[in-house]
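Take a look at the structure tokens below, where one protein chain is shown in two forms, each on its own, as structure 1 and structure 2.
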Structure 1
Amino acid sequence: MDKKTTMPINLTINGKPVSAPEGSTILEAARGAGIRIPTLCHHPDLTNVGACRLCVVTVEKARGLQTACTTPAAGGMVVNTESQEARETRRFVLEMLLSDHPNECMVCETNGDCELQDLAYEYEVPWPAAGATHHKYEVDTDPNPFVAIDRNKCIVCGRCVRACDEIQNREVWNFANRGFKTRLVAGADQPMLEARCESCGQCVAYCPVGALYDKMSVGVARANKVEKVRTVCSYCGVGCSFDLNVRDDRVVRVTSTAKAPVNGMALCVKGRYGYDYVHHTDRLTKPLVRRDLLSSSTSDERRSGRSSDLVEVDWDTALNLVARKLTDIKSSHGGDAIAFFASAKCTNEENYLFNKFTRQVLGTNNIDHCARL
């Protein structure tokens, strides 16, 4: 049966005719037309809850302001995202958030990479006068090795709760109490690991402020001090992409990116926190070959036994040596004299190429895979 084709919705946003797919929210319709509406609790990967109230807009003939992230777009709707009432409400919301937020941007890990900070700057919200009641939670008391928690900075947006629930399906995070006493808790107010946390760091990736942060990267480098290098994880064959945060030629943090084609923002504990092996003292950084396989080894070295020592060479030398040895063996004994062993740590695409090289170029079916063990 043919699928029914849905008609696009035509509405007007800020005086601009906008067309959006049926079922879109005002926020989705606006962003699809290149019109920005500020948000804090919203993230395109997560369900909409309308918690922060920053995305409020004026809708003609509607009573009061509407939350753009939860209000369905309708045909003929006339929306103003920058009305005076909407901007004043956003400014008030930001003032309320700052009234219970630590005034420590100068020493905060997320300074320069904080959505609340950016919006306060955009809407010119001054820091509230001293005297307001603040939370005084202890910082980083959870014994888990990967996620640092500062509940004093939490803005109760719920992005970490939804990320853990909807993407990781672990349901570790939730909110306890109500009103001013509302606070983020793991499980039944337990340590994270007792609450079924698998240390993926998804909650950190979606936190818009500094309430949750990567513990291994605390005090190491701010956002403006690192260079981000996009790469593919080497731990398994899934092919997840992420950004290496590099400072002074050292990886200091891994951050996920929505532009990753395979995994999006999702990473496992190895991909996000297992990067320290890169700088381990035992890590090999150059190819090693036996000295007697190099044309530079002398007859005296061969007689003394030093010819069997492993020496560092460049990649061209190593690969040329392997190519020559494979060619010699195939010429002398045929392709079946060679066997190949593939790795589960390579991507599926790399293993496919390895398979084609083995069977078609070298003419042997002697190939196996470590995952079969």
Structure 2
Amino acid sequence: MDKKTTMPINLTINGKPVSAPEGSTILEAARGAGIRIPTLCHHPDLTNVGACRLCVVTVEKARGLQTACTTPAAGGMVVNTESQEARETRRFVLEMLLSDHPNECMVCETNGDCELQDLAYEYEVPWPAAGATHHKYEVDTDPNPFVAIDRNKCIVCGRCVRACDEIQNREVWNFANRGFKTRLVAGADQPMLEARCESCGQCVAYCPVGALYDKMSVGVARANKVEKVRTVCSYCGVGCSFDLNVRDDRVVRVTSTAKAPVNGMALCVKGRYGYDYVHHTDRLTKPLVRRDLLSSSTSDERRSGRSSDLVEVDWDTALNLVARKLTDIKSSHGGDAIAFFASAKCTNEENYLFNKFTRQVLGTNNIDHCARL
């Protein structure tokens, strides 16, 4: 539906006149007007289920509190998001959640980037006294090498279930049992990969707490320890963008961002978890030259057969050698005796320079790359 062409709805929220497109929920109308309503199970990319009851608000003439994420905004509605009743209900919900939550923020991967922690702080909900029954699930039992699960921290918000179903379209997660026994399971309580998981990490990205987390980043990538650098994926041509999380000059995690123009929060397994090649010990760190190329002062007569080994040299030596050799080939055989493979992995600026180097410096049009392959 094209919301622009329909009639706006006018309502009042917290005494302020608000206008919202037809079809908006109270939550959308409020957020559109810059009024914050806390949520946990809601995410703007996902369908609303009204499960966590954090977004409850008072609506005049309506009986009881309404969940803002599922109640449609209507003309003339008068909404109070900060009524005493609403705030008390939120506090109660948070107390309930914390009463069955491990008191582990100190060692939790998601500390500092946790929606439950933020809300407990905002609503000044203290840690409940011991006594309540806690779940005692074993942690990180799934063999998936990328995604770890700590069900003790799961608040049963269902965001992972909907992210996998609606964004990834894979339907891996679902809830087994009801009530206190409700338990997040993959497929028919199988390992994730057997339940058709593609290891995209969308469920991790949408989990509001530390129940799902990135295995590769355990112990190194807490939010307050990393710097985020927005960039674009180095693999396929979709052009997903994401944030490299950097700590001590190393990429320790990739996080997705709703601001990515192509992909939003979605990434694939390579983009999200395929970054560690950057720091692999196989990386080349010094220019290499065949040993026998270093000894002969005139390169023209040399026929190496590349029998000698590659040895490390400094940049000046390597650059001068290549400059001299290419210049020689051009002067004795012409520029067309040289060819250049440009790279689909390099930037536009670099490829422009490859093209300029080939045409201006070498004087040939022999340039191509593996676009076709």
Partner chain sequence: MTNSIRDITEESRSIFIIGSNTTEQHPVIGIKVRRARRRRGARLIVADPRRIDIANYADLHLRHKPGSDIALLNGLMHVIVREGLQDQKFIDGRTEGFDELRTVIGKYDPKVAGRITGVAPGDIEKAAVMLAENRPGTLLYAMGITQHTSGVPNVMSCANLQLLLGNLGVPGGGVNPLRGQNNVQGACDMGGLPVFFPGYQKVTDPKAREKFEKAWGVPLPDQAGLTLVEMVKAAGQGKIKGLFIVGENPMTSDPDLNHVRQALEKCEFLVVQEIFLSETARMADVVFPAASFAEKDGTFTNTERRVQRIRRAVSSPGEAKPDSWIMAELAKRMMALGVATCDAAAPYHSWDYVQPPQVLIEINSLTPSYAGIEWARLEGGQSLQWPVPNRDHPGTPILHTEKFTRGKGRFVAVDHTPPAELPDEQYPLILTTGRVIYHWHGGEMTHRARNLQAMCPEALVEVHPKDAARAGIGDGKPIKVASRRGEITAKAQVTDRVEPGLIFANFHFAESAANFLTNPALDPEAKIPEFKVCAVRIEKG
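What you see is a predicted model, and the numbers here were worked out from it, not measured in a lab. So that the term is clear: the rigid core is the largest set of C-alpha atoms that superpose within 1.5 Å between two forms. Numbers given to residues start at 1 and step along the sequence of structure 1.
Asks: Please identify the form predicted alone: structure 1 or structure 2?
Replies: That would be structure 1.
Asks: Please report the angle, in degrees, through which the smaller rigid segment swings against the bigger one between structures 1 and 2.
Replies: Relative rotation between the rigid parts: 25 degrees.
Asks: With both forms fitted on the core, how large is the C-alpha shift of residue 282 between structures 1 and 2 in Å?
Replies: On core superposition, this C-alpha lies 2.5 Å from its counterpart.
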